[in-house]
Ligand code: URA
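One chain comes next, on its own, written out as structure tokens in the form predicted alone.
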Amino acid sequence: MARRGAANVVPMQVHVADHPLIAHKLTLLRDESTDSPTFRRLADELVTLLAYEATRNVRTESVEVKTPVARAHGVRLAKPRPLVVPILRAGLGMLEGMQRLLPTAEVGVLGMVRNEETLEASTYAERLPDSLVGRQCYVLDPMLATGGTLAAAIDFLVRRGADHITVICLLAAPEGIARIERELEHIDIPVELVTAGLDERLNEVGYIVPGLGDAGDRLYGVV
């Protein structure tokens, strides 16, 4: 199981990706006139760009290979392989973009639902290894709004033994970041957040402002 203590060894690291292509694609995602097929394509492209930033600390090991000319020293991804965990359902729209950069990573899923009245998150489905000891996990969820869903997801993975967690979001709100830091003070493993944008605030019903609306509905339609 993961180590626990009085507080995080290091506070959650927040990285807002600063790149003109990221800003360009995020602007198109925000536009209410962007249809679902275009939204899915842009989200996919944006996640690949964010994944590049998010995997800077992926674990590697030294290896020697033979080129057509001589032997060369390099690195390859270390074992156990990273685990990518999309949060159902909207996180599935980010999976292909992440797998494009990490095709050898394993994939698990975690289903969490937010009560729209209490804004509390609960788990309704999971498909993950019984033990995540020694594993780096990359959690995919488009929106870090109130933070309840992601805080619960992170806690779930830590209880399974994960020892390093990176969350990739399209957008985040300050209230959500504060809630995760508050609710996960008992966790003493590295937790990082990589996002394309940090917006102003939440509105009275827990939506990010200015945001981009409901990411799940915009990816897949209203159900």
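So that there is no doubt, residue numbering starts at 1 and follows the sequence shown. Only a predicted model underlies this, so the values are computations on that prediction, with no experimental measurement involved.
Another form, the form predicted together with this ligand, is not on view; read the next lines as being about it.
When this ligand is considered in the predicted bound form, V85 lies well away from it, no heavy atom lying within 4.5 Å. Interface membership of M98, defined by any non-hydrogen atom within 4.5 Å of this ligand in the predicted bound form, is ruled out. For the chain shown alone, M143 is a contact residue for this ligand in the predicted bound form, at least one non-hydrogen atom being within 4.5 angstroms. Along 192-215, residues G206, Y207, I208, G213, D214, A215 each place a heavy atom within 4.5 Å of this ligand in the predicted bound form.
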